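Only one chain comes next, encoded as structure tokens, the form predicted alone.
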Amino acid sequence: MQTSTEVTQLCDEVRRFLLKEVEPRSRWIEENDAIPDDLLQKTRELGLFGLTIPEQYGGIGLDLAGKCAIEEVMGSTNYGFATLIGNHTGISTTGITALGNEAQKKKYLPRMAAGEWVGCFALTEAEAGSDPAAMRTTAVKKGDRYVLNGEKIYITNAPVASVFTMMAVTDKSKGVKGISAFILERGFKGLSVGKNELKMGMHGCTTAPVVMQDCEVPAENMLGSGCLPTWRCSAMPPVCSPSAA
């Protein structure tokens, strides 16, 4: 965890980076609805993909106050760029950090901290919106795997993501307590990502539907013990207990 002095210094460094590297490319980002590869590489080198990931896994390890300070600085630049980073360092990595076991953390967090793997968080559905109680995506245990079926929409970072924190119903009789979170990887059989949605704003930050058709996920990729991870913010522990399910 960083001290207040270190956070202040990091804010200054990020501010200089935004002025020098992001602002001159902002119009290009808006017109092309993408982040240039060389800018992403410079972002990785600065460590922005690992803001909230613990230092032991290659991140910077900011707490909530530190994350908010950086987000305030990021809010002054291109919104699409800021959202790409904010989503990755927020809900897209928090689940693994807060609920992941040691094997999951060692496998995913270092590459996510390095920006090699971008993350996304998949909850919203066409019929349910972001209401977990109405979720239709299901996960059925079959041997040492879960088979997921369903569709998510408006998933930020999905077109560029390699790691998906996916919500699915494992026990409908338990309501929201019967919803579980899984770590999916791009390339899993039965997982597909749709086209980037054309938006009025937030250009550069991609958004797309994610479809699972008999998508097989190793049982060890379930987060926690099966409860729906409910976070009040991106850097705080889950409200529910892992034994809730």
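Residues carry their position along the shown sequence, with the first being 1. None of these values were measured; they are calculated from a predicted model.
There is another form of the same protein, the form predicted together with a small molecule; it is not shown, and what comes next is about it.
Would T156 count as a contact of the small molecule in the model of the complex, using a 4.5 angstroms cut-off between non-hydrogen atoms?
Answer yes; at least one heavy atom of T156 falls within 4.5 Å of the small molecule in the model of the complex.
Find out whether any non-hydrogen atom of I85 is located within 4.5 angstroms of the small molecule in the model of the complex, and reply yes or no.
Heavy-atom contact with the small molecule at 4.5 Å: absent for I85.
Taking heavy atoms only, is S130 within 4.5 angstroms of the small molecule in the model of the complex?
Taking the distances in the model of the complex, the answer for S130 is yes, it comes within 4.5 Å of the small molecule.
Does at least one non-hydrogen atom of T207 fall within 4.5 angstroms of the small molecule in the model of the complex?
Looking in the model of the complex, residue contacts with the small molecule include T207, since a heavy atom lies within 4.5 Å.
Specify the contacting stretch among 35-43, 216-224, 194-202, 52-60, defined as having any heavy atom within 4.5 Å of the small molecule in the model of the complex.
Contact criterion met by 194-202 only.
Within 4.5 Å, heavy atoms only, which of T124, T138, S162, Q104 is in contact with the small molecule in the model of the complex?
Of the listed residues, the single hit is T124.
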